[in-house]
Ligand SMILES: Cc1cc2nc3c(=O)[nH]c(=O)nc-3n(C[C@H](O)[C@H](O)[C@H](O)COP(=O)(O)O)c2cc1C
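Below you'll find only one chain, the form predicted on its own, shown as structure tokens.
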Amino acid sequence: MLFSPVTIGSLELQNRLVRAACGERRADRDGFITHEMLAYIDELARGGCGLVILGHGYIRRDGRLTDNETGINRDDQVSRLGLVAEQIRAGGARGVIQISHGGAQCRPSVLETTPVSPSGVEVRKTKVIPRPLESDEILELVSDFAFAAGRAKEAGFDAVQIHAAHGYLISQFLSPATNLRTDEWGGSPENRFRFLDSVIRAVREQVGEDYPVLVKQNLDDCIPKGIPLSEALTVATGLSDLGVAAIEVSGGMVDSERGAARKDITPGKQEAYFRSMAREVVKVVDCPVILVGGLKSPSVINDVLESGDADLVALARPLIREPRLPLEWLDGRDTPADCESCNRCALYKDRPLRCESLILEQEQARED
């Protein structure tokens, strides 16, 4: 089942494995793709995933999370982004770029200004109190997402993914914990959905009806007063009605104690921790559902797919350590990923994304 073909919108994929978007942190200070980034993506593209999603393409400078994050906010970035799209396709996969704005979870030290958000709700982990957006700024952001999607298509990516999860800007609009507005952009569930709805409609106008648009969505914010599953299912239904090509389901925000990347996941029952919620999404949407979260064993992944709890599965941390893991599974390996879910890969925000545990092991082996 894992290596059976599947279709997402107009995309035909060779298998059901997705490289989940991660901030690769290999761009230059202006967001341009570097040679280091191309080498990193080349290895992933040849690793055997059917779909490779490039992470955190920021749509505006005030939405970047690090100084080495990939930008998709300028027209002159398109040609270098096109090199990535070509590389993914040459490796045998289909390429997607995720477009995002960090909102309140951006660091003032990176932006050199106060981060923005729908409301001035403090991010407890960083002690940042964001500046609430004005209505005209919200409309500008809708356009910025659309222009970024247009650049993705021009660059040659096979699809674009809108990041509406993990407590970044769109997720902040969707969550009752972070959206305290009383105007047309907040209050009721319908109003909290308005920003994402507007972004998708604007993106569709920019890229056309046939270009696949994916969305990454929280089913659980994993914080007090966060979005309940019942409302998340209504959001998923709305996305399906808008014609999105696939929904990747996840959860958590920066303040979550148990969020998207949970630590010390052992193979077996601890894997696929959003599975039961994904099952509910499958029941209410007409598009494929992608499950992410702690997956590392081919037996568990096949069980998820064969049960119909998801149509595809996405891996993030395992592929940081073992980019050729899908090919090894295809060649008959039946053991789980070597990733220990230690989360050291997320510790150093200003370093290129890499498996810090593997680097440490290699250094210790040289010393021995």
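This structure is a prediction, so every number in the text was calculated from the model and none was measured. Start at 1 with the first residue shown and count on from there.
The same protein also has a form predicted together with this ligand, omitted here; what follows describes it.
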query	finding
Contacting member of Gly31, Pro336, Pro323, Gly55, with respect to this ligand in the predicted complex [4.5 Å, heavy atom]	Gly55
Heavy atom within 4.5 Å of this ligand in the predicted complex - the one residue of Phe147, Tyr211, Phe193, Tyr273 that qualifies	Tyr273
Non-hydrogen atom within 4.5 Å of this ligand in the predicted complex for each of Pro176, Leu219 and Ile227	no
Listed range touching this ligand, judged in the predicted complex by heavy atoms within 4.5 Å, from 288-296, 231-239, 181-189, 139-147	288-296
Heavy atom of Ile88 within 4.5 Å of this ligand in the predicted complex	no
4.5 angstroms heavy atom contact with this ligand in the predicted complex for Cys355	no
4.5 angstroms heavy atom contact with this ligand in the predicted complex for Ala260	yes
4.5 angstroms heavy atom contact with this ligand in the predicted complex for Ala316	yes
In the predicted complex, residues of 7-33 near this ligand [heavy atom within 4.5 Å]	Ala20, Ala21, Cys22, Gly23, Arg25
